[in-house]
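Next comes just one chain, in structure tokens: the form predicted alone.
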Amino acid sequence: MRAVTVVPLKANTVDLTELPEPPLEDGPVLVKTREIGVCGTDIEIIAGDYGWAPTGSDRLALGHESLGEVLEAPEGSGFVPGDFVVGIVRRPDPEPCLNCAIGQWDMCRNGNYTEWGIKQHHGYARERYRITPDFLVKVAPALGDLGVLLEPTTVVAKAWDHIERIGARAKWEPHIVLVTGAGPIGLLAALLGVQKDMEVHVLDQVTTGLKPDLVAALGATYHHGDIASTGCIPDIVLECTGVGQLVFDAMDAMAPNAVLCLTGVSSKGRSLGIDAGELNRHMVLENDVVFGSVNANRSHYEAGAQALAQADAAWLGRLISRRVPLQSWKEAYQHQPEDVKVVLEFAR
């Protein structure tokens, strides 16, 4: 079967190659891949920045944002042929840590997890895969191919989950939300904020085009420039760019008792001149919290599926700026200026 694969840690090795059929030990449910979302993690693996091949293989099949259609499923599995499904990315370590043992593998303490399409297991960018039912999530039939947005939605579903848990440390009635970055993660974070009846502000650098239009269509407010120019004092900040200066600017701009969630991964090698003492004083005296969040567990997939089912399908459809057929697969991994979310079509 065909698969988009790379030799991890070797740049420019991405290719459409042949892989064996998925092994039975991967699980009893056989799924046909319909679509694969492309994100920055895929581009970094292609560039040779990181990635780990499965044991016994030189190549790694990409693809952790998936949408598939069940071909075969055993009775009692909860799935039937024709179901639209999304595969969970992370698997707990073989000797689970405290968190992996209770299904919170997104909070793994020892790092011995595997991640399909990233770390030590082939991903979903192949024509078929097998999987166990406990790592498969059904999407609403009405959502159709928009279900490919579920995995990125889980990132912000987890972020919101943990923001609310932290906020519950005291009497807290947050109202103003600032999202930095209007990529897919930022826009989906804004969507969930609007669904929670928050006043949502989104900051990005483009001034025209699809991103400002998508923010406006949500009923949120779009800004460009720096955080100070937004004029808002947020109770919640979701930082979705990984830009170091924005992280520190957000810390300085927050309201007392505010929570800042970092979802963007910063590039190495940049130094910033900051007044660490003043930053510490601000954080301590105003009881602010800054935390990082990555990956998601099953509860976040289920919350993300619910959020997408409640969203306006036309708005979600606009997030997907390009769909690329498999025969033109290279184009899916080549950035274009108007891209928001690019999807590689395996089968429709």
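It should be emphasised that the depicted structure is a prediction, and the values quoted were computed from it without experimental measurement. Quick note: we count residues from 1 along the sequence shown, nothing fancier.
Although not depicted, the form predicted in complex with a small molecule is the subject of the following passage.
This chain lacks the partner; the member of 253, 85, 108, 118 within 4.5 angstroms of the small molecule in the predicted complex by a non-hydrogen atom is 118.
Think of it this way: in the predicted complex, the small molecule has a heavy atom of just one of 159, 139, 188, 89 within 4.5 Å, and the residue is 89.
In the predicted complex, the small molecule lies within 4.5 Å of some heavy atom of residue 151. Contact between residue 64 and the small molecule in the predicted complex is found at the 4.5 Å heavy atom cutoff. Not displayed here, the small molecule is approached by residue 50 to within 4.5 Å at the level of heavy atoms in the predicted complex. Not displayed here, the small molecule is kept clear of residue 297 by more than 4.5 Å at the level of heavy atoms in the predicted complex. Only one listed stretch (224 to 232, 202 to 210, 121 to 129, 151 to 159) carries heavy atoms within 4.5 Å of the small molecule in the predicted complex, and that stretch is 151 to 159.
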